[in-house]
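Below, in structure tokens: the form predicted alone, a single chain.
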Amino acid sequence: MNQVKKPVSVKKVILRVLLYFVVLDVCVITLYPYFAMLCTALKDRSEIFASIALGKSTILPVNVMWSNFIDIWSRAPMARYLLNSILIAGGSTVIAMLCGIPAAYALARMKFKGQTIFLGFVIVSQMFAPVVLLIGIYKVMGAMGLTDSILGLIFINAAFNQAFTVWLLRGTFMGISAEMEQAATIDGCTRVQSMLRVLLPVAAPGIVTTLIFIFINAWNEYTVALCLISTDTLKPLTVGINTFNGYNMIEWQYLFAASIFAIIPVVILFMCIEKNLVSGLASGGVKG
């Protein structure tokens, strides 16, 4: 017998339309700044300053200048800035993960005196912004001879992302049953082997999520790099694009073109791991 389809209620239709409307508004509000940045990057300098002088600015460019994306590579060492940012973000991510995974595992699987107090300090350390500790950071880096160096920025970014790494991965490990590791131990694995062969593969979504957030935080870091780096060839991309922000004039078309290049690696990284992002955030959000 053919099943009779139940008519959809008007209330459900209205709610669904409202939901789509809200989602569309959020998407427009979120993506509009990037659209405006792209349009400005495609404008001629005369068009930008004419719109500022006349007070009548248009979003879409009258004359599309794709050459702006090529000119920035000759007007500034963009390739060097990009390489520096990759080294800083990648190096700090590796260090933070190498230190954070064992620490998170110990906090999730082992019990020791002062564990609650230690976790409290981990949370409190996240409340301090780098700008608050900037003077102390500069003195410490100077004493270690790491000012004006990429290695110094790698250590600083790894340190500031360490607490976040430990806290999120601890929640991920606590969401995984300890019986799996116990079974591996019965089969002859040591604690380290059970962690490497059993726990980490299961916790891969949470690890990938933590990795992407560390990388983005290190990639977007600006204040510490601005204060510590003085050599032009050692500047990361976030600081290097200030080349187009002159004393007398801001070259908006080049500044926005360079900014678009700065967000492309992060977008590509998000596209590669977006399948694991939601499940990783959920696994790291268990109570503990």
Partner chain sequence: MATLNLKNIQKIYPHSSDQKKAKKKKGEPEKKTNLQVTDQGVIAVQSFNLDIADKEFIVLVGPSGCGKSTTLRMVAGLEEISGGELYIDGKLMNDVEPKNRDIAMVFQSYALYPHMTVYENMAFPLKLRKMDKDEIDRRVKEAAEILDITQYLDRKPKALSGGQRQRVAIGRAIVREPKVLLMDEPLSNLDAKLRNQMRAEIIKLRQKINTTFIYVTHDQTEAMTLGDRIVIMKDGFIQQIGTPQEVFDHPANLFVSGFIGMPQMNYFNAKLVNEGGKYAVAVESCKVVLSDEKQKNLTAHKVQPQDITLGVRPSHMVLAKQPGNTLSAIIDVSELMGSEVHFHANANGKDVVVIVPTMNADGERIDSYHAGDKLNLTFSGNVCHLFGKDGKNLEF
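Positions refer to the first chain, counted from 1. Keep in mind that this is a model prediction, so the values were computed, not measured.
Keep in mind that the form predicted together with the partner chain is not shown, yet the notes after this line are about it.
For the chain seen here without its partner, which of 141-149, 86-94, 185-193, 68-76 has a heavy atom within 4.5 Å of the partner chain in the predicted complex?
The contacting stretch here is 185-193.
Classify R80 as contacting or not contacting the partner chain in the predicted complex by the rule of any non-hydrogen atom within 4.5 angstroms, answering yes or no.
Output for R80 is no: heavy atoms all beyond 4.5 Å of the partner chain.
Within a 4.5 Å heavy atom cut-off, is G136 in contact with the partner chain in the predicted complex?
No, G136 is distant from the partner.
Should M180 be counted as a contact of the partner chain in the predicted complex, where contact means heavy atoms within 4.5 Å?
Yes, M180 lies within 4.5 Å of the partner chain in the predicted complex.
Give a yes/no on whether I154 approaches the partner chain to within 4.5 Å in the predicted complex, heavy atoms considered.
No, I154 sits far enough from the partner chain in the predicted complex that none of its heavy atoms falls within 4.5 Å.
Which residue among V208, L107, A163, V202 has a heavy atom within 4.5 angstroms of the partner chain in the predicted complex?
Looking at V208, L107, A163, V202 one by one, just V202 meets the 4.5 Å heavy-atom criterion.
Just give me the single entry in I101, V198, I216, V122 that has a non-hydrogen atom within 4.5 angstroms of the partner chain in the predicted complex.
Going through each option in turn, the one that passes is V198.
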